[in-house]
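First, one chain by itself: the form predicted on its own, in structure tokens.
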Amino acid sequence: MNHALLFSVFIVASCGLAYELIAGALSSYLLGDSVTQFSTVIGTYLFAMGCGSWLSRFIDRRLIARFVQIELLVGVVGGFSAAGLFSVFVWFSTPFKLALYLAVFLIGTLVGLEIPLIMRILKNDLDFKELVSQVLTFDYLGALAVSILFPMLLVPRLGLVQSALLFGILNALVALWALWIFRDRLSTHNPLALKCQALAALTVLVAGFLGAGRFTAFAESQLYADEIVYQISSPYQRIVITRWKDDIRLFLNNNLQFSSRDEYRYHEALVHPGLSALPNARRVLVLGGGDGFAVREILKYPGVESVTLVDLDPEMTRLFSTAPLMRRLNDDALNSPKLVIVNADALQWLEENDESFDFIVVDFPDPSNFSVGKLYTSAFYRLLEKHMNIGALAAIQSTSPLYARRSFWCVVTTLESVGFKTAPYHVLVPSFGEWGFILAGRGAYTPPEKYDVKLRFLNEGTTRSLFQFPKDMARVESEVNRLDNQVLVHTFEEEWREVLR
């Protein structure tokens, strides 16, 4: 019996942490991956657990029955937490943060009540030293298990809503298990009523689990104005593609990445000012850009012999290399015999490889969190420089110099701090507004005199104008973005918060 109940501690810890990981991931998906947001979610959960542990002192009768009822409450509240928060965001977006922290606090408080109750239930069966040791061991093992399974297995296969309901079902099963384990000690606790409560909670959770896919599809159809043609959760992000007439749009974690009506402006500006200035370029590296659009533009140059694409998310490269609609948009670039696709972290890949290139495209998401922010640091650019041949250039996506002016010039300053000569420029992409790029190399940049490839947007005169900045986008002083300070992430958060206010 002791080992059976201790294993339930493992499940309790797994479920409790899972609910908070789901809440944090959901807030990242819906609000953008905010460092502060995720940190405060986990902090609120830990604080609430402390509150729950303190409140457990006031439960002094019918401990087994109370444990079962609290376990059922955790299952129902936690299980439906993702669906509830998703609903609040879709239909009542203003109070989302309030609902998020209330849900986190409530779940944390309930989980905090459980562990002290289990210890008190077992106090007559185990030596105190063994009791504390074993309960805490199973508690931490449960947290480890879910932290591994959550990103690698559960979210990619089930999604956030269904994952939460699965853990709710586990909580309800633990409650039923406890009723069976303590069947001889529940004779005075009205066990029939507890069994009915547990079966009712389990039924509701199973029904929710079975209907989660339809609910998510309906809720996302309300969240996005256009028809959703593809949606999937990877270990790294939520991928949604919508269509309205001939306009195809990609959203990652609810953030627009491109519109097929004007993405050519972005990708022509990203690739051609740099690559056309390198007529002898043969080997090209693309970091990020799993949609294949940058590769499409690069392959317009017959002199390019090989392209290596390094993108973290295999779901992105799989989608854009297999789905007929996506293959039409990128001209089937990801199936080119000249292309090698590597699914890996760009920083790690650069550290482990010694290949060098004539032209590098750096097309990462905006630096909205530390994991992406490391790819905008002086350490990363110093590593990037080691992979550049003599005369090579790197073209770097660098957010908006209009909406995130300090962030844009922070990237310029960081590149210059490691010895690069920079040529900042910008382009109007209607779906995004003014967007910024930087060409970086060891020598001064000279724009191409002409383009020998067919383009829809750029010409020689247009290119020269891109490197001119009006007063409201002109350079401002900024710090160097280093691994140990990540000032760019904080600056980016502040600037875009002001834009979206």
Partner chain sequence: MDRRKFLGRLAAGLTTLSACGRSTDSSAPPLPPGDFIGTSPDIGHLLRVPGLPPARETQRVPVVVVGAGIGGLSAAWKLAKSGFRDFLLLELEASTGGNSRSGRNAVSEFPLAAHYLPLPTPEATATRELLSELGVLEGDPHARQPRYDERYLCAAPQERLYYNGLWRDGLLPLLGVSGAEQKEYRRFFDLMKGFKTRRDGRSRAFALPMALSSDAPDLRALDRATMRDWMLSQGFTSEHLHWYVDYACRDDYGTSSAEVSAWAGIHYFSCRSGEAKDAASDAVLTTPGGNAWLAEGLARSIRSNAGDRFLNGALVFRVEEKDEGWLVDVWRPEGARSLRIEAKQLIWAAPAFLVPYIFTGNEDAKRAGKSFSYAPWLVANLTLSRVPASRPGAPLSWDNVLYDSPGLGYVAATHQHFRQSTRETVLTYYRAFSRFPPQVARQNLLAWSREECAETVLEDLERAHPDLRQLCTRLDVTRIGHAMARPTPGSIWGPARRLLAADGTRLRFAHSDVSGFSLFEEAQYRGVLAAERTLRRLGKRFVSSLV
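Numbering follows the first chain given and starts at 1. These numbers come from a predicted model, not from an experiment.
What comes next is about the form predicted in complex with the partner chain, which is not displayed.
- Heavy atoms of no residue among Gln162, Val204 and Arg214 are located within 4.5 Å of the partner chain in the predicted bound form.
- Mapping the unseen interface onto this chain, Val412 falls outside it, with no heavy atom inside 4.5 Å of the partner chain in the predicted bound form.
- At the 4.5 Å threshold, heavy atoms of Glu477 stay clear of the partner chain in the predicted bound form, well away from it.
- Contact between Ser378 and the partner chain in the predicted bound form is found at the 4.5 Å heavy atom cutoff.
- Among residues of the shown chain, Ser371 is one whose heavy atoms approach the partner chain to within 4.5 Å in the predicted bound form.
- Only one of 339-347, 388-396, 256-264, 98-106 places residue heavy atoms within 4.5 angstroms of the partner chain in the predicted bound form, namely 339-347.
- This chain is drawn without the partner chain; in the predicted bound form, the residue among Gly303, Gly84, Pro235, Gly419 with a heavy atom within 4.5 Å of it is Pro235.
- Proximity to the partner chain in the predicted bound form, taken as a non-hydrogen atom within 4.5 angstroms, holds for one residue of Leu153, Ala193, Leu383, Leu325, which is Leu383.
- Taking a 4.5 Å heavy atom cutoff to the partner chain in the predicted bound form, none of the residues in 418-452 make contact.
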